[in-house]
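Only one chain is included here, represented as structure tokens and corresponding to the form predicted alone.
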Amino acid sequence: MTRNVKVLLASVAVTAMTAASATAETWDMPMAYSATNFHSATGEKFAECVTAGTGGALEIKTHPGGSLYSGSEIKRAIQTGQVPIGERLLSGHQNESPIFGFDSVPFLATSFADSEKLWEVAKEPLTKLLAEQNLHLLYSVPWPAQGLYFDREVTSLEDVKGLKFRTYNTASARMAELAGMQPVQIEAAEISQAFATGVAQGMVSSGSTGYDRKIWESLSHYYSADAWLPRNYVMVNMESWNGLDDATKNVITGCSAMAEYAGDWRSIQYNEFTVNELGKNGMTTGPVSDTMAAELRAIGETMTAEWLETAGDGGKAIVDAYKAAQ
């Protein structure tokens, strides 16, 4: 079944719901990124879809920008039932399980097409792992490929030795270490202040993050590196999910399929726009130098071997299945 057919069927599932519960329910949905970010926009449309599809019986209210819970707190809040639903970058929890970092293995999947193939083979084991943690997976949307931001011109790793480097997951922290930089864990909502005050001098992220946070106010250079495409995930507390009737589940499942499809396209389109905007606002943009590209790939080989070792048979199965799908 093609992706478009799945989305069409999902649309039918949404419009097929004709009865609403007599008692309306509201779900608060924390999100870590700013309201203008494409992930937050996708989540807002998803919430509207569920609210409309259930005839208002289930209303979902999004809370972007870490306004309800910070990014690092969201997954735990959903697991423990503090909120029924939320969005989180699961690679930020790779310390819990290496499988959460499958999307951040350097230079494994470096394009949107490859990211989609990797997601298809990782979806089943990831869904199973989340279920064991009292979480039901709804949908996932990739960030654009990650590039490098610095407060100076950089042509090789020698130029970044000792720099304070903003990190957001295990992969970004390990990359900083191997490059001789100092990793500093900083959530998305804190980026602007961190760079303005010198807490960090560089980071690996997409053009989207830099644009959202007006990073040109503190940093001067952006280098495309196509390191990896990390993904955001929307999850529901398993008990909250199991407490829904089948009609409501069908609506949420249908809206999730449409959100994933729309989010993919938003990511693709937003990537080119945001990188262009970085340049328009005075940043120097372009690819990493040949020297640095070779150095980064050497780091990537080390990190891939380390991830496969810690992820064990489960990680190897994902990588093998992905390569077989190429």
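For clarity, every value in this text was computed on a predicted model and none was experimentally measured. Numbers for residues come from their place in the sequence shown, where the first is 1.
One more form of this protein, predicted together with a small molecule, exists but is not displayed; see below.
At a distance of at most 4.5 angstroms from the small molecule in the predicted bound form, none of the three residues 31, 42 and 65 contributes a non-hydrogen atom. Looking at 140-148, 69-77, 105-113, 157-165, the stretch with residues near the small molecule in the predicted bound form, meaning non-hydrogen atoms within 4.5 angstroms, turns out to be 140-148.
Contact check for residue 254: no non-hydrogen atom falls within 4.5 Å of the small molecule in the predicted bound form. Residue 230 belongs to the set of residues with a heavy atom inside 4.5 Å of the small molecule in the predicted bound form. Residue contact check for residue 237: none of its heavy atoms lie within 4.5 Å of the small molecule in the predicted bound form.
Contact annotation: residue 99 falls outside 4.5 Å of the small molecule in the predicted bound form, judged by heavy atom distances. Just one of 201, 248, 209, 94 comes within 4.5 Å of the small molecule in the predicted bound form, counting any heavy atom, and that one is 209. Between the options 83, 179, 130, 188, the residue in contact with the small molecule in the predicted bound form by a heavy atom within 4.5 angstroms is 188.
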